[in-house]
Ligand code: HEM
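Given next, in structure tokens, is a single chain: the form predicted on its own.
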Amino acid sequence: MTFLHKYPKAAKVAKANFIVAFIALAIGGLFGFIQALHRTDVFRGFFNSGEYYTLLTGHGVLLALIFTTFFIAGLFIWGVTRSLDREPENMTFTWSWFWLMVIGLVMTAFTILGGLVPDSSIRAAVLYTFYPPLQAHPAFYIGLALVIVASWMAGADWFWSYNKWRDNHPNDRIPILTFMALFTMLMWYVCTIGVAIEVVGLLIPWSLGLVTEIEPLLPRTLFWYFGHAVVYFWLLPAYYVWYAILPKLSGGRLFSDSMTRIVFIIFLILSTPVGYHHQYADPGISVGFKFYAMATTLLLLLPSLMTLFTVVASMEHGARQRGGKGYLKWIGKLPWDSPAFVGCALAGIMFAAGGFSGMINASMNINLLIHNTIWVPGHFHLTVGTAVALTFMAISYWLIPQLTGRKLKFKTLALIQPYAWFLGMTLMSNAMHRAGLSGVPRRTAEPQYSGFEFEPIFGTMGEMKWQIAIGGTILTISLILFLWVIIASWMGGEKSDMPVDDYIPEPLSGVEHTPAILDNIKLWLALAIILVLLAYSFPLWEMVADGVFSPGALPRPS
């Protein structure tokens, strides 16, 4: 018996979320491929440079917001249902948030794609960072608002299940899969308050023409209140997989239950007060608050390093159970012929590299060297584009058989796919980072300047362009392989009561060694809110007092 047979209602909802996620991944990935060829001037036959910004918006929104949100919803339905051993409490409510999220997605996608229709008044070429002065059609903002509200309802659904479970288990500890899902959603609730206020209170009235002027600093700040924390909303489900499933795929067990809970608590507390590190170059925000954001951002290295230690220790335990010996020879005993394991492991390696470039972004002085250069997308293609996306794709090879009751097909292609993604991203991201150090700008279809030549620190500009184009092509081939394997397995895989070994063993250091205070949800949520108030209350009050709808009002001096 696998998940589909034990929890058929939850399996149906999880599959629906994954279908939408994979469609968004396919379209967003295609847009990324076209951008890579256009920007590098390798091939410009698909669209003109004006339409490039529509594709860039579609690439960012469909992958960073839609693919991730729907996949996370499917993953958490699987995890919460399984660990609490109960179906969702009310399927009408569960399907309500799913369809509300779909309606929001359709509205948002419709306005983005409208930009590709000649003379269309329905456009949303506002990029992923959708703050003024760029303005989209009102349906774009209303659609995003619906997606956020629906995601809140999804979280409420999982808290509902947890509360019902708690009634029958008053003295039990929160199961680790549910614990990680609930703390991720708590962080999501805290960080989405900013973007909800921005979209509903400022951008929708502005796009509808109810107000004609808007102070740009306030929506920028509200966006980045959300805009960096959302990165952890994407990353924590990847951590969810690395902590809960990767040790099992390695042949071992999770190293420590308490370490896992501590990491998620730290992310809840520190994720939101870091947004100002995206605004180091913005006037009107005190240097002291920017320094506060830098300190909290760098503190977030601690849970990432704890994760590195815990996950590697868990993998080493698995390798030694498989006969691994020595200081490093045990690595060879890991299951490098398993697509799910390989994808998760390579995603973790890429995330380590992304962590190093992230430290540059977080540092107030060095950040100015790479601010608004192509270094920045090079960084988040390592983190979101690989640590998150590759983990999601890889674990699909293990989850989809549980949800469909069908075995995986084309295992050789599935094994090639994560290696291809790793190679393609290595080429593309490496070139983006080096081009950023030379000052090549981001967010433009025409990165060259008239009468000016960039001076590369290492290599040549031509070689970097070709690396980006070739890397993007390999990534697209990898994406096609993934979709082909998933669709073929979903539609035509061999039916089985146990299509995959879905047993997850208990941690080496189990919940009996975990302090009870770590499960105190109210305590950690209160601490997170206090730190947010310390970071944002005074600066936001200054901006509001400066005039919300008065663009002529000068920002206060720092």
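Residues carry their position along the shown sequence, with the first being 1. Because the structure is a prediction, the values reported are computed rather than measured.
Separately, the form predicted together with the ligand exists; it is not shown, and the next lines address it.
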Open item on the list: I'd like to know whether M432 contacts the ligand in the model of the complex, with contact meaning heavy atoms within 4.5 angstroms.
Closed with: yes
TODO: Mark F291 yes when one of its heavy atoms lies within 4.5 Å of a heavy atom of the ligand in the model of the complex, and no otherwise.
DONE: no
TODO: Using a 4.5 Å heavy atom cut-off, state whether F380 contacts the ligand in the model of the complex.
DONE: yes
Task: Close approach of G60 to the ligand in the model of the complex, 4.5 Å, heavy atom - done: yes
Task: Which of 337 to 345, 258 to 266, 136 to 144, 120 to 128 lines the interface with the ligand in the model of the complex (heavy atom within 4.5 Å) - done: 120 to 128
Task: The unique member of P247, G79, G275, G385 whose heavy atoms fall within 4.5 Å of the ligand in the model of the complex - done: G385
TODO: Select from the listed residues N367, T310, T476, S438 the one whose heavy atoms reach within 4.5 Å of the ligand in the model of the complex.
DONE: T476
Task: in the model of the complex, residues of 30 to 47 near the ligand [heavy atom within 4.5 Å] - done: G32, F33, Q35, A36, R39
